[in-house]
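Next up: the same protein chain in two forms, each one alone, written as structure tokens (structure 1, then structure 2).
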Structure 1
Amino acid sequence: MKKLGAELITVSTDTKFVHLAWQRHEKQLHDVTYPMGADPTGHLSRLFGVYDGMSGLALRGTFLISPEGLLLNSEINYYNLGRNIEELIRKLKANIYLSRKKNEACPSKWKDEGDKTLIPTAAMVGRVHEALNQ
């Protein structure tokens, strides 16, 4: 993510002190380099609509914000479903690409720069299959 010019911040409603204790204790986290955000009041979680008032916890929400400060992507999973990091990287790469190529669109199978994109025009209406396979 850093190489792509992105800052990933993990956020839970734990305090920064608990983040420290968890990162030091849990061997799975010893190589973690992402800043661990502390949102004990739920302020940020509420702002993004992931705060669960019944539990005081945040749902598994992922939000992509452009350098201009626009929210370009959001995904919210319930507690029991993990996220696919490859798909997150795909979305980040696509948004970076599209910020330079404003008249193009990245189809579902787009993975990286150089892959086929679409340029939505009147000629493509009803002919997406041909546009994707030409």
Structure 2
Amino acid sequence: MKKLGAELITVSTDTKFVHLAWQRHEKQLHDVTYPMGADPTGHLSRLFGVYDGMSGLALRGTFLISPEGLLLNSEINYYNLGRNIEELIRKLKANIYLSRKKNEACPSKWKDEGDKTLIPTAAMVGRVHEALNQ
């Protein structure tokens, strides 16, 4: 993420001690170098609309926020559904690209600069498939 100019921060309703235990014992987290924020009161989780008051837990929210503080993308998954880092990186790259090319649109299969984009027009409505396959 840093290569793309982005900062990754994870936050959960767990305490910093739970994060430390996860990082020490869960092999998937062994090499984690990004900050893991603790939100045991649920304040931040409520702010982002992912707090479940019935369980006291936060749903799995993923948010891309621009340097100006603008929410670019959000995705909320239920507790037991993992997130796809490749898709998150694709969305991040697309948002970086679109910040320079504001009149273009990146279709769902867009992965990197050089891939086909679209320039939305009224004539394209109902003809996206044709525009992508020209």
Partner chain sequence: MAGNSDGIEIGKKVPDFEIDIFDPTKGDFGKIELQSLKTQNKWTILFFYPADFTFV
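The shown structure was predicted, so the numbers you read here are calculated from the model rather than taken from an experiment. Please note that residue numbering is based on structure 1, beginning with 1 at the start of its sequence. For the two forms, the rigid core is made up of the largest set of C-alpha atoms that agree within 1.5 Å on superposition.
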Two forms of the same chain here; which is the form predicted on its own? 2
So, superposing on the core, is the move of residue 118 at the CA at least 2 angstroms between structure 1 and structure 2? no
Determine, after fitting the two forms on their core, whether residue 33 shows a C-alpha shift of 2 Å or more between structure 1 and structure 2. no
Using the core for the fit, does the CA position of residue 9 change by 2 Å or more between structure 1 and structure 2? no
Backbone CA shift between structure 1 and structure 2, residue 19, after core fitting (angstrom): 2.3
